[in-house]
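Below sits a lone chain in structure tokens, taken as the form predicted alone.
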């Protein structure tokens, strides 16, 4: 294993070892490299002041540049990457076109948020250029969802973004020569061990290597996208110790489909899942659009969201009703990788963060069965964007001959884990579609759940939400069945 993290920073080779390799990238940039354009405010990935652009090297080439939150990205996670900060966007001949647009539109007031907005919009331009589309106000809003302007100067920032023409702006890959970087990264030993003696960080390059480390270091914490663990680290809630980072294992980043399933690798980020499933599961893809900011979705993974086992994890209700299965790997006694498949209903045991997951296992992929069912996914939260659920609702169903078939229901935010609603499933399949059917199911669900009260809502409020979400589901089904919905609406 290499004992140094190697990445390029604004075109310059950078090597980091020891304790600094576990620093958050934002701190390293500011305090070690003298690049203060990357700001730190929330240290949670919420405000976007720390936004930078990263192209990762995988399977012999660079991927596209994507915006990420540097405040929750440890340096070791950038191994074999190219990082562009706001300082790196400026070229010898002048400002980057996004920077020029912000100047023209007077999009900078106090200036603290400006670097993050610039990096997010530079990533937006690159994405629009790849897709061959123009930029409108909706696109600018979507790509800057994770950027907060405390001076409320959003209108000139929006004007700056809308003025950009992707066809006239060079792509980010042209700012720096990638060929020398690719040549060096391709020649490097891919596995890394950095950190300190008490808190080593292992970055294995193969699944077998990761599983051996899992056996040799049973107390080591697995690291995926770091969007949750990064926050816990910054807030002092995570005890320092051994880490096994999974981002260098190519097979965990792959996804595929056959006649019966989609297979999503455990390290596939949510922005890729959003695109990959848009055709077959548009309801889930659309839900992911408000799951989090682009910066978070470029780092966070579907596998990590599931394994975090939060009762308010936004992807889990869908995964429960879709009847997915999990592929879990361990190192067998013969030294060969063994795979165990477990259905999600058995995987989620019901207690708080209680899973059917052994200490020597690693989640490799999630299998999502294809089906002709419809899906309804509803999320209630304090704000629309960049917020976790107060209550989440998921339903899978078919409509045949005026009745519901194949109904599966799940709720998040009302128990110690995301729960199924089998009684209400049977109830909804028991009669003809009508307002009374959904009223009975809504009343039953409201009476059955017993949620906790917390800062997002009281128990009583959550119970009301549960009922209303069932009725909202009824509205949708009634409409799809060609029936009036006025009696069901609330």
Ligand SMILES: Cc1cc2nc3c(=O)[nH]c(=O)nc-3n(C[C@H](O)[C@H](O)[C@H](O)COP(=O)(O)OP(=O)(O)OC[C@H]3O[C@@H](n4cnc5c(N)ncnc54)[C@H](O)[C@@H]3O)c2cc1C
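The model shown is predicted, which means the values in this text are computed figures rather than measured ones. Positions refer to the first chain, counted from 1.
What comes next is about the form predicted in complex with this ligand, which does not appear here.
Residue contact with this ligand in the predicted complex: residue 375 places no heavy atom within 4.5 Å of it. Shown alone here, residue 194 lies farther than 4.5 Å from this ligand in the predicted complex, counting heavy atoms only. Interface membership of residue 126, defined by any non-hydrogen atom within 4.5 Å of this ligand in the predicted complex, is ruled out. At the 4.5 Å threshold, heavy atoms of residue 313 reach this ligand in the predicted complex. Taken together, 12, 182 and 184 are entirely out of contact with this ligand in the predicted complex: none brings a heavy atom within 4.5 Å. Contact annotation: of the candidates 404, 410, 300, 86, the single residue with a non-hydrogen atom within 4.5 angstroms of this ligand in the predicted complex is 300. With the partner omitted here, the residue from 247, 320, 80, 379 that has a non-hydrogen atom within 4.5 angstroms of this ligand in the predicted complex is 379. Considering this ligand in the predicted complex, the lone stretch of 135 to 143, 300 to 308, 412 to 420, 171 to 179 in range is 300 to 308 [heavy atom distance within 4.5 Å]. Residues are counted as partner-facing when one of their heavy atoms sits within 4.5 Å of this ligand in the predicted complex; in 382 to 401 these are 386, 387, 388, in sequence order.
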